[in-house]
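Below you'll find only one chain, the form predicted alone, shown as structure tokens.
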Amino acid sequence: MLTVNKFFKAATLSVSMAVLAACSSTPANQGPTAEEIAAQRAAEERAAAEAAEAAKQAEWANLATTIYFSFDQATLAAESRDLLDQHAERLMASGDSAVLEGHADERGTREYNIALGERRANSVADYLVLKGVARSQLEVVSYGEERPAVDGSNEFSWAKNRRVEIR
């Protein structure tokens, strides 16, 4: 019987020591370490940067791509400059290239309209280069009157056909 008594004492002592050891450890709810906080902040900053980039891409995807001109003119209108500023930002940020397609309405000779479409496309190219876009990112093409946006021989049709399209 003496052995059983010693066994219970030893078992009780072992359980007591285990309980005391468990109580003396650091609490589980101590809070994040400095490394964990830094990692969390870095993850949040990456997520914010990715969200901002996605928003910018969505904005650029919705940019108008047609610049309109007055009759027999290759001069940019003020409202065109605002749009081209956004295109310049997009082209510089992405490094993409663009084809600038110059067009004219049906009035004038074929040769004259090809030259006018080219002047218009070059006007857009010059402005984009002035804003920082590399000339090597831009290609100028003129279709003159050959690819009308709107068929017809009236002022509405002519106004829609005097344009440069950014592709």
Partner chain sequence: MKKLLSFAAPLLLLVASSVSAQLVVEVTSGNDKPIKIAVVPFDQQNLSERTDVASVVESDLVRSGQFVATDRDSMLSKPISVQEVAYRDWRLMSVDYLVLGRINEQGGQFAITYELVDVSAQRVHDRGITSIPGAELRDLAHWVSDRVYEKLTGFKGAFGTNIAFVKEKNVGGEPLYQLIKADADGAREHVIYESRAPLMSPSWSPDASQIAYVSFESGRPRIMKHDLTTNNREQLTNFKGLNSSPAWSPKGDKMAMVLSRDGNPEIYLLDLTTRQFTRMTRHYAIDTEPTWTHDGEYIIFTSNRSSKPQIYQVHVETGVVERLTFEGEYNARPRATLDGKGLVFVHQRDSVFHIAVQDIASGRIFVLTKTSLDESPTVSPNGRTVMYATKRGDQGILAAVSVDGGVKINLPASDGDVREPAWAPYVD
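Everything numeric in this text was worked out from a predicted model, so none of it was measured. Residue numbers count along the first chain shown, from 1.
Not pictured, yet referred to below: the form predicted together with its partner chain.
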**OP:** Spot the stretch among 32-40, 60-68, 116-124, 45-53 with residues whose non-hydrogen atoms come within 4.5 Å of its partner chain in the model of the complex.
**Re:** 116-124
Subject >> Residue among D85, D72, D96, E79 with a heavy atom within 4.5 Å of its partner chain in the model of the complex >> reply: D72
Original post:
Which of the residues spanning 140-157 lie within 4.5 Å of its partner chain in the model of the complex, based on heavy atoms?
Top reply: V141, S142, Y143, E145, E146, R147, G152, S153
